[in-house]
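A single chain, nothing else alongside it, follows as structure tokens in the form predicted alone.
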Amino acid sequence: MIKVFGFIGEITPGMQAAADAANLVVGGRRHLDALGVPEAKRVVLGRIAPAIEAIQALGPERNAVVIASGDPLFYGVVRRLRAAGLTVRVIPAVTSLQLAFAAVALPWDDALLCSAHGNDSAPALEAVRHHPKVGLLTDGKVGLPQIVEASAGLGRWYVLAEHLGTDDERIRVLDETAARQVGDITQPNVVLVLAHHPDDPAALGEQHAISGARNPDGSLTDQR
């Protein structure tokens, strides 16, 4: 059995028990350290291919655990694991973007959700110019400075959400001027880009049948 756990801030009893019983535990170093996984049975997650090879080497009676941040079905490791022919059971956590919207009490059914984390960032950076409510997964190369530059001059508001779900969680709501001056950004973080301040009633948006699919003029966004 391969169990894939989502991780946001805290270890659940089920996650700890599964990791203790597993022959192999795959995850980020901070995840593995928090779980106290011995060196002999840990694989630090960087590139996914070596982790998949290590899991496959366990054979058909494999007992492995994979720990991934947030919801591992949302821009996560499950797609690659399934594509490699592995059968998994997923125990998800709340995605970090959901936590970020919750932190500023904004509905997110009308948001466009993008990933600049390990992906081609061009579509995500283009989205912030054309959609009034965008949530972005960031990484060390594409984060708030690049997002602000891509949306410069549009009057956007930025929610910088760092270390969500942990004791170090920090939420900052910034206009463009303030966002350009932030110098103490830490990973992991996500960024919301909004056409209105989160406290402006206009930021609530409208509920539509198609999630995240409408532009300010009501037309459908081409999400291909």
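Everything numeric in this text was worked out from a predicted model, so none of it was measured. In case it trips you up, residue 1 is the first one in the sequence shown, and so on.
The same protein also has a form predicted in complex with a small molecule, omitted here; what follows describes it.
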If you check in the model of the complex, is P188 within 4.5 Å of the small molecule, heavy atoms only?
yes
Contact flag, I8 vs the small molecule in the model of the complex, heavy atom cut 4.5 Å:
yes
Could you confirm whether H130 comes within 4.5 Å of the small molecule in the model of the complex, counting heavy atoms only?
no
Using 4.5 Å between non-hydrogen atoms, is R62 touching the small molecule in the model of the complex?
no
Selected contact from L112, A150, L106, L137, since only one has a non-hydrogen atom within 4.5 angstroms of the small molecule in the model of the complex:
L137
So the small molecule isn't shown here. In the model of the complex, which residue out of A179, A161, I52, V37 has a non-hydrogen atom within 4.5 Å of it?
A161
Given 121 to 129, 150 to 158, 137 to 145, 79 to 87, the stretch touching the small molecule in the model of the complex at heavy atoms within 4.5 Å is 137 to 145
